[in-house]
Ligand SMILES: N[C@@H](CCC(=O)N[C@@H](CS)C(=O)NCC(=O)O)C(=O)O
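Read the single chain below, which is given as structure tokens and is the form predicted on its own.
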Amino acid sequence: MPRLYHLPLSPFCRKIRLVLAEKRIEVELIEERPWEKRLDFLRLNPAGKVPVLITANGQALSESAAIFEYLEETVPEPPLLPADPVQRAEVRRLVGWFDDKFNREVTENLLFERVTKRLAKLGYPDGACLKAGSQNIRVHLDYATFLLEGHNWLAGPRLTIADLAAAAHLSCLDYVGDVPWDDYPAVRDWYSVMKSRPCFRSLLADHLPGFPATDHYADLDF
């Protein structure tokens, strides 16, 4: 069975968990705290980052974008990229938007400050970062609202990896109560559909000791 070294509230790990579940690939989850810099883990990925997927053949794959491409090529059903090259490029652009821009402007300012700093004993949350993250998330939710106009999914008429990447980030932030859902009903409705998919079950069951999830986190009808 493949193994996935992951951190429960890492959006990059959650993205790969969602992909694995959508493609019905059973995997053993192994929690890894990368700041501990375990030598055995560094041998798997010298960059010291999660996720790392160990394939059934024992090959170690790292970087969530590369892992996704491997899974999409080796297990093509159901497809998470469109067939049209232009549409594929747009989906990849949106994945980059959430994994780069959203991550820098929102996830790192909120999740890193609230959770990772405490877990890694890096000090107290920076109020300026929390303020910036709370402001920036509204800009991104406005953009997601725009993307959903006339569509059920972020990149068009069907589910793609763009939806899974966005949902991975938002699910981490929702765990700690940092998403103003009431102000963005279109995004909330989309996320409610995402939460209802079977691939989300393991994410909604996550529990981080010392960090209780918000009351609505696992509620499908929030």
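The structure displayed is predicted, hence computed values, not measured ones. Heads up: residue numbers just count along the shown sequence, starting at 1.
Missing here is the form predicted in complex with the ligand; even so, the following discussion is about that form.
Novice: So which of R38, R188, R197, K49 gets a non-hydrogen atom within 4.5 Å of the ligand in the model of the complex?
Specialist: Of R38, R188, R197, K49, the residue with a heavy atom within 4.5 Å of the ligand in the model of the complex is K49.
Novice: Of the listed stretches (57 to 65, 177 to 185, 22 to 30, 153 to 161), which one has a non-hydrogen atom within 4.5 Å of the ligand in the model of the complex?
Specialist: The contacting stretch here is 57 to 65.
Novice: Going through 9 to 27, which residues have a heavy atom within 4.5 Å of the ligand in the model of the complex? Please give them in sequence order.
Specialist: Result: S10, P11, F12.
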